[in-house]
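What follows is a single chain, given as structure tokens, in the form predicted alone.
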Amino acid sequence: MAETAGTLPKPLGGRTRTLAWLQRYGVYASVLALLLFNVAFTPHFLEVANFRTQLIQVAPIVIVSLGMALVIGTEGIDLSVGSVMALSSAMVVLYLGYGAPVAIVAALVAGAAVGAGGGALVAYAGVQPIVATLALLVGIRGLANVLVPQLTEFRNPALITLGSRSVLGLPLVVIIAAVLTAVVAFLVKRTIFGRQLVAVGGNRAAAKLSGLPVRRILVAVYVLSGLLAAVAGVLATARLQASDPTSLGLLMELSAITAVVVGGTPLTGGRVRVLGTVMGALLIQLLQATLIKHNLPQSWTQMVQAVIILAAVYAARGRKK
């Protein structure tokens, strides 16, 4: 019997296949291309000390990007992550007199509280995520500067260990970032919460009609984002042995969003690519390092990041069409 029109799916066109490939694998190809470029044209790039430095510097970006990926997976966005890093750094200094464990816990609680506030504004007050977290970006950065108005250095053995210790040759901050990556990947792929998160991002109305606790899921996601940003702030503070809320975490939200989008997680939600996010963070770090090593200004990195975001969004929209 003859097939009726519309019964067979239309084959993907060449342009659509290309966009789909770029969205899924473009970040890996870009990282490989940057690595090959640096091997060929950057002196001393293959030295162990250089790789160690790159891993240490990318660890906070990876940790913040993991939380951002969860938020974007629900069709949201969290612009407050850089300010949360600054606040957690200020909390470390304020509570360090009670011991390093208390200071770290205080910093993590502060980050989770900011995330809970943002999540409540989005889930219960109905505020758009970009508006809610933009307000937090400004307010929390101001609060951090009020708490610690200037660069404050300190010496604490426990924090020195956290920021500089290595285990089997790997920096502790890198190990922490790797463990958190595994935890988030497990959360997304192997738990009911992960499936609910993706369902909420894919179609919030349908998720609500099916009985999913949409509001609680949204709040939990923003809490996790704030908590991970606080972890990154604590690690950065421990590595620097100083707190400077004015500059710590500045523009981190741009790096995190770039890493997530380039890694294949669409801004429209419904999907979270954890490994892609990690590779996106590595791409951002390699790009910054390459420009610096070739005596180009830091502002070039921001312009290139903007172009990368636009290209990634274009590829995602083209694939969707």
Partner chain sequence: MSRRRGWAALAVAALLATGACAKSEDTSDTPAPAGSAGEQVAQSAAADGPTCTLQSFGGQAFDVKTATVGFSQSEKEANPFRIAETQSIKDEAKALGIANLRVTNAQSQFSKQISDVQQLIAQGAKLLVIAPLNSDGWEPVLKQAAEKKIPIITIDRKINAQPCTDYLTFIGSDFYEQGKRAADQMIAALGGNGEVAILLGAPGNNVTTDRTAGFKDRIAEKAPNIKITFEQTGEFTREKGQQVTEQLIQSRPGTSGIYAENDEMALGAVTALKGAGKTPGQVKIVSIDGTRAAVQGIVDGWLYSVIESNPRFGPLAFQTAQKFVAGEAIPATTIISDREYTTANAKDSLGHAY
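Not measured: the values here are computed from a predicted model. Residue numbers count along the first chain shown, from 1.
Heads up, the form predicted together with the partner chain isn't pictured, but that's what we're talking about next.
The putative spot formed by 140, 143 and 241 is fully lined by the partner chain in the predicted complex; each residue has a non-hydrogen atom within 4.5 angstroms of it.
Contact check for residue 218: no non-hydrogen atom falls within 4.5 Å of the partner chain in the predicted complex. Contact between residue 125 and the partner chain in the predicted complex is found at the 4.5 Å heavy atom cutoff.
Among residues of the shown chain, residue 120 is one whose heavy atoms approach the partner chain to within 4.5 Å in the predicted complex. Although the partner is absent here, residue 289 lies within 4.5 Å of the partner chain in the predicted complex, judged by heavy atoms.
None of 180, 108, 172, 94 but one reaches within 4.5 angstroms of the partner chain in the predicted complex through a heavy atom, and that residue is 94.
Interface residue among 104, 227, 248, 132, judged by heavy atoms within 4.5 Å of the partner chain in the predicted complex: 248. Contact with the partner chain, judged by heavy atoms within 4.5 Å in the predicted complex, is confined among 38 to 46, 255 to 263, 64 to 72, 274 to 282 to 38 to 46. Taking the partner chain as positioned in the predicted complex, the residues of 139 to 162 that bring a heavy atom within 4.5 Å of it are, in sequence order, 140, 143, 145, 147, 149, 150, 151, 153, 154, 155, 156.
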